[in-house]
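Only one chain comes next, encoded as structure tokens, the form predicted on its own.
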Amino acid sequence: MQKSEQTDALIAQCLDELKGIAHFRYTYKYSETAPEFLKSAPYAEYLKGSSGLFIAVMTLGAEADAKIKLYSRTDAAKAIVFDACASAYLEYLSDEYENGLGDNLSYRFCVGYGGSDIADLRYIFDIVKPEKIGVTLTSANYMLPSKSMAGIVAVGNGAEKSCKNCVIATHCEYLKRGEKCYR
């Protein structure tokens, strides 16, 4: 889909609709020491020099998933745009929530980043118990609702987002334009 006024209007429409139905929830546990599963790569490098960490799970709720499913049956273009908007909105709301957790926090490192094993979600679920905010984990390590994330936020190590180790850096459209995908 090329950039156009029509596309911009669809994005705006999807965001407005999403804001009306999303039920953002966030749960976490704070620890001064890393649990055993975080003591190996790539987590150990990310946590290097930190004085603590938040282990967290966040979600937009089942309503966003239901809309994506509906649009996938009725309007494929809108389903794709709504799905992308929901992912971006979850990232945005999570960033905003984390801004209130304290000072000197790093960026969020989610399971699946940097070659980490998606099976590590089981450890996070055992620690945080996100079922209380409506997030469950399937036997294949897939979170439901799908517009959910799980990860860690380091405290006090000064880690910042970087394009250096990004897996898509070689063909990133943002980098080609001299921009970044994050703030």
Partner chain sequence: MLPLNGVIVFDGGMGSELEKLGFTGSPEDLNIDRPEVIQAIHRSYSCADCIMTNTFGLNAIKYKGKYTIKELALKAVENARAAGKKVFFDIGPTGAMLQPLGTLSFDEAYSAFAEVVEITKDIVDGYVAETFSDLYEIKACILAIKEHSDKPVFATMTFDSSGRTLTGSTPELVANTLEGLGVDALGVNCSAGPKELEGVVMRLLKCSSVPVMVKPNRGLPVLKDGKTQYTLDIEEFDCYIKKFIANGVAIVGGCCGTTPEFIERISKYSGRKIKRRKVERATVINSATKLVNIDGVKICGERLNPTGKKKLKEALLNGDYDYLIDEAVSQAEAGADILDLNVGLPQLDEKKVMAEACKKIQEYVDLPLQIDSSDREAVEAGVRYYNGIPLINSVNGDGEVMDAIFPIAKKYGAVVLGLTMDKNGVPKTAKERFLIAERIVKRAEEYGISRNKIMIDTLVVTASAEQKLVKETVEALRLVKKLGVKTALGVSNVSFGLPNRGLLNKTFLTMAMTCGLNMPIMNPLDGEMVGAVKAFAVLSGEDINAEKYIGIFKDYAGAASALKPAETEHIAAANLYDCIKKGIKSQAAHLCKTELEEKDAMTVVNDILIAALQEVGRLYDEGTLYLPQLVASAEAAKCAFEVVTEKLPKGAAKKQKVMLATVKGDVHDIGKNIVKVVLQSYGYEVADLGKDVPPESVAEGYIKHKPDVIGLSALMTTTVKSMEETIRILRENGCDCPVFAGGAVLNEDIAKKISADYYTKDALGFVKVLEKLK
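Numbering follows the first chain given and starts at 1. Since the model is a prediction, treat every value here as computed from it, not as a measurement.
Form predicted together with its partner chain: not shown, discussed below.
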task: Report whether all of 42, 50 and 120 sit within 4.5 Å of its partner chain in the predicted complex, measuring from non-hydrogen atoms.
output: no
- prompt: According to a 4.5 angstroms non-hydrogen atom cut-off, is residue 88 in contact with its partner chain in the predicted complex?
  reply: no
query: Would residue 145 sit within 4.5 Å of its partner chain in the predicted complex, counting heavy atoms only?
result: yes
- prompt: Can you check whether residue 141 is within 4.5 Å of its partner chain in the predicted complex, heavy atom basis?
  reply: yes
task: Using a 4.5 Å heavy atom cut-off, state whether residue 23 contacts its partner chain in the predicted complex.
output: yes
query: Taking heavy atoms and a 4.5 Å limit, what residues of 110 to 135 are near its partner chain in the predicted complex?
result: 118, 131, 132, 133, 134
